[in-house]
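A single chain, nothing else alongside it, follows as structure tokens in the form predicted alone.
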């Protein structure tokens, strides 16, 4: 008898679910703040506001979908289920780009923050030692994820709690001791960017809000996901939005305690966006808050480095779970489905996509002082491309699969009938689609690397997909036959959501009876 394939362990608790998301999204401001100020200047707060509104729509869409379909794979699974195998592959491949960039970008940022305490790790003045250290970090995280999610989740939970306390303290003391409203207005007036720079800033600001899908990627390992995911996702959306808007406004209106070395003759926000400081902007901000800065100068770089480290860890986790899910759906070879017999983690996927991250890291290192921006460009492209397809999948699933119980449903809908079933069209989903399409256009217009390397990654993936599907005799553009109803029942049963499973079965029986009563047309 063929031995049963080991499955992922359902060990992620409510706090674990929140911290998986926070570890990824919460760290984003540490890398995005400097990048956005480097291009959007005095309108950086506007860039964060535009991207934040789109992010709220993205977050609500992921919350609904992850609670309704609690399986590993996140956006890739939602798109495949709503739009078919081919577009599901493209969505998954775009997210894979994002998560592998996540690994490299946040490991880079982590060492950048450490460089404020250990100058020999600076990416601009000591690039070789910086590169070797980042490389070691990526390899160590891959090993940690092979050992097991329980250990990783506990690690992230503690650091996430400490960081939330730290970020709140920075904002509290920053606004109390260093914020000048008249300076905020003055900074916006003198530093207002061109339209091109503002579009570039908005496309980089979306980086601050990437990672919420980590919660959905862990859904297959989360206890009672339909109940837990809406609570953790909504909490996370509000937390991150408040932090991003507060940091950008504080930086524009902040009067530093003392003029930082090298900042003579330039506005403080401009100093934060220079290539030398962009990868450690939050640490510089906190160190220049009167009184509080004495303490913050010591612990914020260390805490920021650790938080970015666990965000990089989320990239390892997320990429491996997407590849695992795509392999189960025959969008990638079954090799990526293999689970370690002892640790029950997708070992092949972890090793393969950590390797891709290392390749991206090498290309970034070859860019010299522009390496951090290189990774940011690719990160923005992958996020905008995958989120676009997720919004379309949300609408498609509302129409094609109205019977699946939704423990959380996005408000403001237009009800109508489709094939005899009541359907709610999501207005917020449509607004989100317009917003994220705008950001995708901004990325293609303003990012010279993103508009070349991003589409190239997608084209390479499509070629790989066609070769694999042709060798297996699968349809290239069509979808494999799947019993989505039986699959949904199994998903809800395995998740422990028995009430939702009974509700779903009841709706299916009611529809079958209605069709029988109506008879052949």
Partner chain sequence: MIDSSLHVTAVGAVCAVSVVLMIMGTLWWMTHAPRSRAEQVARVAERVLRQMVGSIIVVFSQEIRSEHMMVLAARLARRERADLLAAYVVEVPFTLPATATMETEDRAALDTLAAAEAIAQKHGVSIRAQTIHGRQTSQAVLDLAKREKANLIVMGSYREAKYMGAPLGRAIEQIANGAKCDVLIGVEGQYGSLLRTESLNGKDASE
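Please read all numbers here as calculations on a predicted model, not as lab measurements. Numbering follows the first chain given and starts at 1.
We do not show the form predicted in complex with its partner chain, though everything after this point is about it.
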item	value
Residue (of 234, 140, 298, 434) lying close to its partner chain in the predicted bound form, criterion heavy atoms within 4.5 Å	234
Answer option from 356, 423, 171, 428, heavy atom within 4.5 Å of its partner chain in the predicted bound form	171
Exercise: residue 86 in contact with its partner chain in the predicted bound form, heavy atom 4.5 Å	no
Its partner chain contact in the predicted bound form: residue 338, any heavy atom under 4.5 Å	no
Residue 448: touches its partner chain in the predicted bound form, heavy atom cutoff 4.5 angstroms	no
Exercise: residue 363 in contact with its partner chain in the predicted bound form, heavy atom 4.5 Å	no
Options 95-103, 243-251, 320-328, 365-373; stretch whose heavy atom lies within 4.5 Å of its partner chain in the predicted bound form	243-251
Stretch 256-286 - residues with a heavy atom within 4.5 Å of its partner chain in the predicted bound form	257
